[in-house]
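Take a look at this single chain in structure tokens; it is the form predicted alone.
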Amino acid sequence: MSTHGRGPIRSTLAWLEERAGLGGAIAPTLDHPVPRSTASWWYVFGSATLALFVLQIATGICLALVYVPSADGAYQSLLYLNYQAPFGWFLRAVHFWGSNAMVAIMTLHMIQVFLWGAHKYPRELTWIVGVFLFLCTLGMAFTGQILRWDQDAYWGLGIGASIASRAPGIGDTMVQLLLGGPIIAGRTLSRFFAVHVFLVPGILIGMIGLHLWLVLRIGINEWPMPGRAVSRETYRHRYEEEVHKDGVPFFPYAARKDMVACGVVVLAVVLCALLFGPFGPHGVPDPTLIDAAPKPDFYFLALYALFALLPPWTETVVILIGPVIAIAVLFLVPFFAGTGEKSWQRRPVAVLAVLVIVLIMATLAGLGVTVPWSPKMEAWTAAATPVRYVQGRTPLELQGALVLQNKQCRTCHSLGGEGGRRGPALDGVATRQTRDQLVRQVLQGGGNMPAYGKNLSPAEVNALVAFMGTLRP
């Protein structure tokens, strides 16, 4: 065909199409029919997650050109990005907020898929691949946090290694595999850099390709109408009839809302980057600072809080078995509930399960933000006893105030709003416990409080309890 009269762009595209045939390969994908009901805002989470992944790849490549994956250079390279490299702070901020958004949107996508019954026949394998994608996304987020190489990253990795070491029989091997040696060192950072930049993204790209192929092969889940149960014998035929009678091409009908959603989430990430900037690094990693209180990013806050609040005797069992059971349940969901009703309106157990899990995770994450169990190590030296608590006190009560301060009680208990929050605030303690109860609590401990019977003399206990007896509203 003659190209006379065509513009240069059309001529170039025609030349490429004649030789590569890319348009012929892509057109069937764009034109494949989908149920009209799937052109809904509820079906945009998958495309939004893919857009965020592309954004992570783009910003990650730019950051990798500057980042130095060595124990003595990583922290400085992050400072260089934050304060010297042109737009370095912006790239770091977009990458950080993009990571958070990707985990959040993918979580919403999985909840929507489950409640809309899209894990049922014949889409069981699509769900399984989606679970793999979710776990890989969490893995990429965790390894990215380690690359910040600050106090949170160092001690968070130490906690991760401690958890891995508890695995019976293979604990030492797992620690060696995780750290590249018996301790956290430069080899550890190089290993996490390789996993974050090469291994996990490579797996994600392959899994995303498989996931999209399965969606095209089996079709996009139709809107779950109440009363239309899934049957292995009739579902495929009924779905094909529906698509044939009332189907629309994916592009542009269904793709419009996907493109809008992609634009919105990317714009939200950019706005968060501009408003809040990058996260960290927070202090050079120093193994001698044992009073550090490392906190993970939001997607692991619930686990962080759960592990901190567990009774010590349950830690190992729950840490090793709990995540395994949770992941196994995710993989087995389509096999336990692969047929029957799709609509959430007729699946009260599924809705209740989602609500309970979301409420538990949100509550634990909230506790993880406030860290009420973490002692404040400098409280007893930096936080003076408020004047109103010592005015007009007897010599014995003043001596008790000194005992309270010198014995570091303020590390775990607050007074006047200052101090630790591992234990209950001491304001008003005299209205909650009698003198005998206070003496018993100090001597014998209880709950999370250790016994101080061997650390305090009878005179100190008497003075301390006398002072606490004055602490009332």
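Rigid core here is just the name for the largest C-alpha set that superposes within 1.5 Å across the two forms. Heads up: residue numbers just count along the shown sequence, starting at 1. Keep in mind the model is a prediction, meaning the values are calculated, not measured.
The form predicted together with a small molecule is left out here; the points below concern that form.
Inset, instruction - State yes or no: in the predicted bound form, is some non-hydrogen atom of residue 33 no more than 4.5 angstroms from a non-hydrogen atom of the small molecule? - result: No.
Legend entry - Touches the small molecule in the predicted bound form: residue 464 (any heavy atom, 4.5 Å): Answer yes; at least one heavy atom of residue 464 falls within 4.5 Å of the small molecule in the predicted bound form.
Legend entry - in the predicted bound form, residue 446 touching the small molecule (heavy atom, 4.5 Å): Close contact exists here: in the predicted bound form, residue 446 approaches the small molecule to within 4.5 Å, heavy atoms only.
Legend entry - Contact test in the predicted bound form: residue 37 vs the small molecule, heavy atoms, 4.5 Å: No, no contact at 4.5 Å.
Inset, instruction - State yes only if every one of 122, 129 and 211 has a non-hydrogen atom within 4.5 Å of the small molecule in the predicted bound form; otherwise state no. - result: No, none of the three is in contact.
Inset, instruction - Choose one stretch from 64 to 72, 411 to 419, 50 to 58, 37 to 45: the one whose residues place a heavy atom within 4.5 angstroms of the small molecule in the predicted bound form. - result: Only one stretch qualifies here: 411 to 419.
Legend entry - Core-superposed C-alpha of residue 278 shifting 2 Å or more between this form and the one not shown: The answer is no; the displacement is under 2 Å.
Inset, instruction - Kindly check if the Cα atom of residue 129 is displaced 2 angstroms or more between this form and the one not shown relative to the superposed rigid core. - result: No, the C-alpha moves less than 2 Å.
Inset, instruction - Align on the rigid core first; then say whether the Cα of residue 401 has moved by at least 2 Å between this form and the one not shown. - result: Residue 401 C-alpha, core-superposed: shift of 2 Å or more.
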